[in-house]
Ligand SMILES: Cc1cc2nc3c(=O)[nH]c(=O)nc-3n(C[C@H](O)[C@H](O)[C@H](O)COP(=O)(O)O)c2cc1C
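The chain that follows stands alone, in the form predicted on its own, written as structure tokens.
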């Protein structure tokens, strides 16, 4: 499957003038996403039929895209097969997919992905950073927490926040500050 490995790959998905952290589920040779109804991502996929997986190593971007929209100058257009797509200009790598809604139920849809193009832009090596990984986890919990204020989710956020403070660098700590501001709203 190229740049993506088996399991859930956390990426920033871009559609037209939209970015959101999403997990791409890879099993064998197939890739899928689960998207919630009412999001810009699913509406753009319905309209345009494509999505780009951006591999990016900036924890602040993960937090911002989970809770807010990015300005237009964060995006750049690319040709991918017979499609014009948009990706994040600071991505280390990107993968363009044709995206088709496979089935829908309740509040979500399963989207089947067919890879069209892939490009590595930054061949840097990034070691595992527990602070970065904890920002990803805290952000996932934060997106759910703002919907229902479940105290258990807040405990998980606080656990990951302590790991960010212990194991993260300045950019992870900045991302944590943003995350904590977003979940206070």
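All values reported here derive from a predicted model rather than from experimental measurement. Positions refer to the first chain, counted from 1.
Another form exists, predicted together with the ligand; not displayed. Remarks below refer to it.
Novice: Go through 56, 45, 35, 157 and name the one with a heavy atom inside 4.5 Å of the ligand in the predicted bound form.
Specialist: When the ligand is considered in the predicted bound form, the option within 4.5 Å is 35.
Novice: Decide whether residue 153 counts as a contact residue for the ligand in the predicted bound form under a heavy atom distance cut-off of 4.5 Å.
Specialist: Outside the cut-off, so no.
Novice: Please determine whether residue 41 contacts the ligand in the predicted bound form, using a 4.5 Å cut-off between heavy atoms.
Specialist: Result yes; residue 41 sits at the interface with the ligand in the predicted bound form.
Novice: So, residue 134 and the ligand: in the predicted bound form, are they within 4.5 Å at any heavy atom pair?
Specialist: No, residue 134 sits far enough from the ligand in the predicted bound form that none of its heavy atoms falls within 4.5 Å.
Novice: Within 4.5 Å, heavy atoms only: does residue 21 come near the ligand in the predicted bound form?
Specialist: Looking in the predicted bound form, residue contacts with the ligand include residue 21, since a heavy atom lies within 4.5 Å.
Novice: Since the partner is left out here, which residues of 128-158 would have a heavy atom within 4.5 Å of the ligand in the predicted bound form?
Specialist: Contacts from 128-158: 136, 139, 140, 143.
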